[in-house]
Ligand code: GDD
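Okay, here we've got a single chain as structure tokens, the form predicted alone, with questions on binding and movement later.
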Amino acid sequence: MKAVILVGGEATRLLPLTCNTPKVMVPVINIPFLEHVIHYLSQHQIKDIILAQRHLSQSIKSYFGNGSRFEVELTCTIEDIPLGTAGAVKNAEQYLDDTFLVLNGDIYTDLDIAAMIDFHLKRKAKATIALTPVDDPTSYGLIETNAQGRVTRFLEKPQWSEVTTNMINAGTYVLEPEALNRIPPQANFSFEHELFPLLLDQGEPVYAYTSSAYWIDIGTPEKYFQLHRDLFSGNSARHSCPIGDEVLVGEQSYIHPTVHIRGPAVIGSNCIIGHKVKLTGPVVIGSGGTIQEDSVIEESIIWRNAQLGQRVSLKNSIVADNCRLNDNTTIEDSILGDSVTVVSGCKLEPGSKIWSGTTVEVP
């Protein structure tokens, strides 16, 4: 079976982290998010994967190539104009001649794909939509079903008085190629608002597969942070990483004997952690990072090649690639885009979002 990953989704909610980094290349435990998705598909024996992109991303191409390094076959399709979720899959129609899978490129889930595909085939569905429960369904589109799982109604962002279910679209679909016939070529067309309601109105068998497996949309910095916390807590069964006080250190990294680490923590390769540095997890430090003496890092995610000076205090924050935090800087509850420089002695206001390439000089 083939799978289409919708890579070209909107990334503005993840700013400033995605100024120069495609959303699917944002690192999760020091691994690009897309690599997690590809590994997930491969575990379910889906190795023929199409990346539906809005424009050619050189960083995606350089990292993944044709997929052979990951034991999969990758094909890319490019949109000349924005085509929406369904339009992007229509753009890949030439590669889809049998039942296929579609995934939103910003979803991390433990959904049992094999069970969902089996459900779809047994019911002879034209389309099957994965559902997941949420606490507050009023912010989402609800999907109502009958006892057999057949979809009976779509309800977009209901009032609480209208809520009949807490199950929402989980961004994973199984489709038959004929469903693509309803999508006009080279037109902006969505699954959620157009194709699925159209199939339902025409009496086609549209089903919903309900799962309580781990699920999260990483579309905001808060959710991105939450995914790390969940992985370190063992809430997802799919990724093995340090739990509790465990610490994982990459190759050729040096940690001074006086460093105090309370895990969980992941330190990438070629890092230098200096004299009397304190790390309180969950902490992730990307490859090539340097943290100088007496700095304190608490519950933060640091991407690649970050340089932290002496006596830096970093708490509950995300620091993107190639940032430089000079001596005696204090950063809390903040997000720094790539290549940000914070001048010595600066104290950022909690909640700051600093755009790529900025030099922060305000004390």
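What we label the rigid core is the largest C-alpha set whose atoms superpose within 1.5 Å from one form to the other. These numbers come from a predicted model, not from an experiment. Residue numbers here begin at 1 and follow the sequence given.
From this point on, the text means the form predicted in complex with this ligand, which you will not see here.
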**Q.** Any non-hydrogen atom of residue 85 within 4.5 angstroms of this ligand in the predicted complex
**A.** yes
Q. Using 4.5 Å between non-hydrogen atoms, is residue 72 touching this ligand in the predicted complex?
A. no
Q: May I ask you to check whether residue 52 falls inside a 4.5 Å heavy atom distance of this ligand in the predicted complex?
A: yes
Q.
So in the predicted complex, is this ligand close enough to residue 140 to count as touching (4.5 Å, heavy atoms)?
A. yes
**Q.** Of 230, 176, 204, 192, the one that lies within 4.5 Å of this ligand in the predicted complex (heavy atoms)
**A.** 192
Q.
By the heavy atom within 4.5 Å rule, which residue out of 157, 123, 150, 276 makes contact with this ligand in the predicted complex?
A. 157
(Q) Between this ligand and 8, 107 and 168, in the predicted complex, does every residue show a non-hydrogen atom at 4.5 Å or closer? (A) yes
(Q) Can you tell me which of 299-307, 52-60, 35-43, 320-328 lies within 4.5 Å of this ligand in the predicted complex, counting heavy atoms only? (A) 52-60
Q: Enumerate the residues of 17-42 that have a non-hydrogen atom within 4.5 Å of this ligand in the predicted complex, in sequence order, or give none.
A: 23
Q.
Rigid core superposed, CA of residue 141 - does it shift 2 Å or more between this form and the one not shown?
A. yes
